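Only one chain is given next, in structure tokens, and it is the form predicted alone.
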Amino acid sequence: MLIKQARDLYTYKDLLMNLTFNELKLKYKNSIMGFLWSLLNPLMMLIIYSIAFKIILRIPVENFALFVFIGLLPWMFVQGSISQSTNSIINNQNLLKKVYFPRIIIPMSVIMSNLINFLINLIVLLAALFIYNIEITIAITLFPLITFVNWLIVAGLSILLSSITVKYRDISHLVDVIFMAWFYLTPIIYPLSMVPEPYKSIIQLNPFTGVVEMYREILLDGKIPDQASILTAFLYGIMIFILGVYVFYKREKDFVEEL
């Protein structure tokens, strides 16, 4: 199953690239500044968080604005990918009915366009690390691995939800509600150490908790995460990705009939 899907993606890689860049173009269509918004949005967020948390709230966490920013960037990738992928098959139903191609390409193109946005945002993050005098250590070499783990989880959930939303349209509305709670159940605007011990295990069940914590360790603290954390997150990602592909593979034959 996974081999077949991988082979199909490779065979139709040009279509995947075209749809990916089309997603990016549509996002900034009729926008005067175009792709510059990919840089300006995170830059403005960093400025706002710096004012809100450092000057007004005076949260007693060192470099708190940067602390939040490092957690927020991967979360934007998560939320953007999953939210947009949920209705991706439905939104492209005319294309599905006209010509055959691997249906998984549609949600995958949404995920890849959001990944590109995430990587563009890293320019602002690296500049912020320099401004805050944060030392870049050898730990940053693990950044691609953590991003891959993050991508596995995002891809698995996006593919899964895009396939079941074709039949159950209420899923898209439910996803919006879930994300409101999910944001606060992920240690983005607070450190995991602040969570009371009885509830910490619940927060750690969240697959993105480990990802956000590891991003902060390698970027903000300059430390290499322990192997158990990396392995746990990686296994989370593999299991969610396999589940998503499996459900999609089982359901895609019914898409045209259900649309």
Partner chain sequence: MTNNIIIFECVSKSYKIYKNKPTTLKEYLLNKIHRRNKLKVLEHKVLDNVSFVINQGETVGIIGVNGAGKSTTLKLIANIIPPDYGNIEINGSVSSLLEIGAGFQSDLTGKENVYLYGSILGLSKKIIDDNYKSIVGFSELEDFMDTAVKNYSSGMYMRLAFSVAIHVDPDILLIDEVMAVGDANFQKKCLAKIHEFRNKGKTIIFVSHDMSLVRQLCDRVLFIDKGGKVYDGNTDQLVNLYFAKLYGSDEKISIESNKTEQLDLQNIHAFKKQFNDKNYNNTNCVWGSKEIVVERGYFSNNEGYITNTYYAKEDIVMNLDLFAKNWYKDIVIGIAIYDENGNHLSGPNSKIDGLVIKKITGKKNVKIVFKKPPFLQGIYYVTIAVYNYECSKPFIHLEKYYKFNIINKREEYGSISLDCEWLL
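Positions refer to the first chain, counted from 1. Since this is a predicted model, take the numbers as computed values, not measurements.
Separately, the form predicted in complex with the partner chain exists; it is not shown, and the next lines address it.
Put simply, of Y132, F101, F179, F143 only one has a heavy atom within 4.5 Å of the partner chain in the predicted complex, and it is F101. At the 4.5 Å threshold, heavy atoms of I51 stay clear of the partner chain in the predicted complex, well away from it.
Taking the partner from elsewhere, T137 is found to have every heavy atom lying beyond 4.5 Å of the partner chain in the predicted complex.
Among heavy atoms of K25, some come within 4.5 Å of the partner chain in the predicted complex. The partner chain in the predicted complex comes within 4.5 Å of no heavy atom belonging to L185. Picking from 101 to 109, 150 to 158, 121 to 129, 75 to 83 the stretch near the partner chain in the predicted complex, with a 4.5 Å limit on heavy atoms, gives 101 to 109.
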